[in-house]
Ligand code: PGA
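The chain that follows stands alone, in the form predicted on its own, written as structure tokens.
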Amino acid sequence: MTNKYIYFVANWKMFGNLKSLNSLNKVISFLKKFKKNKIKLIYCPPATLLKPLSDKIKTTKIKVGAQNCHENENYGANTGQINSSMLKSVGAKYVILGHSENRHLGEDDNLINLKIKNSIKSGLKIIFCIGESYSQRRKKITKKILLHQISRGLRQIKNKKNIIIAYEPIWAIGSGLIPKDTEIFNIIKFIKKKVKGSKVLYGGSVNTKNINVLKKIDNVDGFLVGGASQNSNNFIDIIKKTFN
């Protein structure tokens, strides 16, 4: 795994204020001393922190990502919404789309497809989340669900070079549980076969303990880290252990 670029995406979810950005000082200091060059670090805070975070990390290798956006790339009468071009204007380089928490709130594959298309037009790179529920896993239809999400979510998108796929089994998110390493390997192999040349991350309860197992899965290109990324010491520990 460590012979290629490894992505570490910090999804802060609905966490953080201006003071929380001080926690990045430890990460910035760590990166200056870290001898591994093959690392891509992306922070995805709430929209309220995108601009101050972008300003803070200007001289570092850290990139900024958003957690979601509206499907229309143009301005419009959509109170409370933020589109991809607005995200781009405040320093975002990436956007997470299709996260299960947003799917749960009603986002379907067609809507996610629109968001991906317009975010690409705006010049953003996409972290496209897919994953199955526990009941779907028990029914052994995981691959069928993932293929449906991929084919609908990436419909009519020919150039996929700016799309990173994050496999996040829904039942693993926040539960502390993860699939067996052989399961993850086979699922990621399946995804890469369906989306040629894609980078695939694993997400879902990634923490300082299970990273020792996850890092050994050869075809994983990195990790989408939720709660553990909100604590700089834990996030740094995950990065260190990945390369040790």
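Numbers follow the displayed sequence, beginning with 1. Bear in mind the structure is a predicted one, so any value in this text is a computation, not a measurement.
The form predicted together with the ligand exists for this protein as well; it is not shown, and the discussion that follows is about that form.
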The ligand in the predicted complex: contacting segment from 211-219, 28-36, 43-51, 172-180, heavy atom within 4.5 Å: 172-180
Partner contact for V206 in the predicted complex: the ligand, 4.5 angstroms, heavy atom: yes
Touches the ligand in the predicted complex: E73 (any heavy atom, 4.5 Å): no
Contact of G16 with the ligand in the predicted complex (heavy atom, 4.5 Å): no
E132 within 4.5 Å of the ligand in the predicted complex, heavy atoms: no
Residues within stretch 115-138 having a non-hydrogen atom within 4.5 Å of the ligand in the predicted complex: none
